[in-house]
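Heads up, the chain below is alone and in the form predicted on its own; it's given as structure tokens.
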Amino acid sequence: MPIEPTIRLTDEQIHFYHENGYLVLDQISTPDELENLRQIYDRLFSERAGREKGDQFDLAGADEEGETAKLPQILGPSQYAPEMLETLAWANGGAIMAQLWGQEGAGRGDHAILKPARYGSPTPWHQDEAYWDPALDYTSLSIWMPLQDVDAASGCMHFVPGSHKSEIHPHRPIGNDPRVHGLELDPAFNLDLSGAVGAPLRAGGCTIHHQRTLHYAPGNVSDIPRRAWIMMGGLPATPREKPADYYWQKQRHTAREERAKKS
């Protein structure tokens, strides 16, 4: 039987999301489910699931074999552990999307970003859409759920309220290193991030953000791994009248891309 969602957003929460580009919720999962998800999550990262296909890689480093990953990521972890989709968290994620957009029918996906204890790298300021096809317009969001309590010391999310109303800002590969898959805002443009707000959470809470919202997560200096499962969804994209120029996408030449081409 399908799992029934338990989340019902208020009108105030829906308004807050559309005005600010993000939202914080207290709980979309259960303690037992979170314990099971942690076991699945740790197994997938231990096995480096999807590495040969380019789905597992170092988001913040050169991703060289034999090197310790600074910020390990797995694209589509649920394709390697389909039971992740048979959870209350996943059901609630779909319900959240439908309520925020006022309609069903979102395409859905997921990824997982691990910040290892005591050395997991920061996730620099960026906009998710900077990774995507510049010929399309999107209606999309990400639901970011930690599998343990998270604060600034372990790498909780930070957002600039209202930044989703802007265009896509110039980005570059992290550290201006073309071997790195991850993107960061180009510091040469000196954007004002002074209004940023942090979002510490208990395990199983979540943040929700628009694909253009500026966001960041500090490095993990705590003694426990920071496990985050990100559920994404979007309505069908539409062609832009004039495609944008995301020139930074052409600057990258990564090991992850080479593995993906060979798979």
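None of these values were measured; they are calculated from a predicted model. Quick note: we count residues from 1 along the sequence shown, nothing fancier.
Same protein, other form: the form predicted in complex with a small molecule, not shown, and the subject of what follows.
Find the only residue in I28, L201, L34, A228 having a heavy atom within 4.5 Å of the small molecule in the model of the complex.
Only one option qualifies, and that one is A228.
Considering the small molecule in the model of the complex, which of D110, D128, E184, D149 comes within 4.5 Å of it through any heavy atom?
Contact with the small molecule in the model of the complex is made by D128 alone.
I'd like to know whether T123 contacts the small molecule in the model of the complex, with contact meaning heavy atoms within 4.5 angstroms.
Heavy-atom contact with the small molecule at 4.5 Å: present for T123.
So in the model of the complex, does any heavy atom of A217 sit within 4.5 Å of the small molecule?
It does: once the small molecule is placed as it appears in the model of the complex, A217 has a heavy atom within 4.5 Å of it.
Going by a heavy atom distance of 4.5 Å, is M157 a contact of the small molecule in the model of the complex?
M157 belongs to the contact set for the small molecule.
With a cut-off of 4.5 Å between heavy atoms, is W90 one of the residues that contacts the small molecule in the model of the complex?
Output for W90 is no: heavy atoms all beyond 4.5 Å of the small molecule.
Within 4.5 angstroms, counting heavy atoms, which one of the listed stretches 48 to 56, 193 to 201, 220 to 228, 61 to 69 is next to the small molecule in the model of the complex?
In short, 220 to 228.
Using heavy atoms and a 4.5 Å cut-off, decide whether Y138, H171 and R212 all contact the small molecule in the model of the complex.
Verified in the model of the complex; spot residues all out of contact, no.
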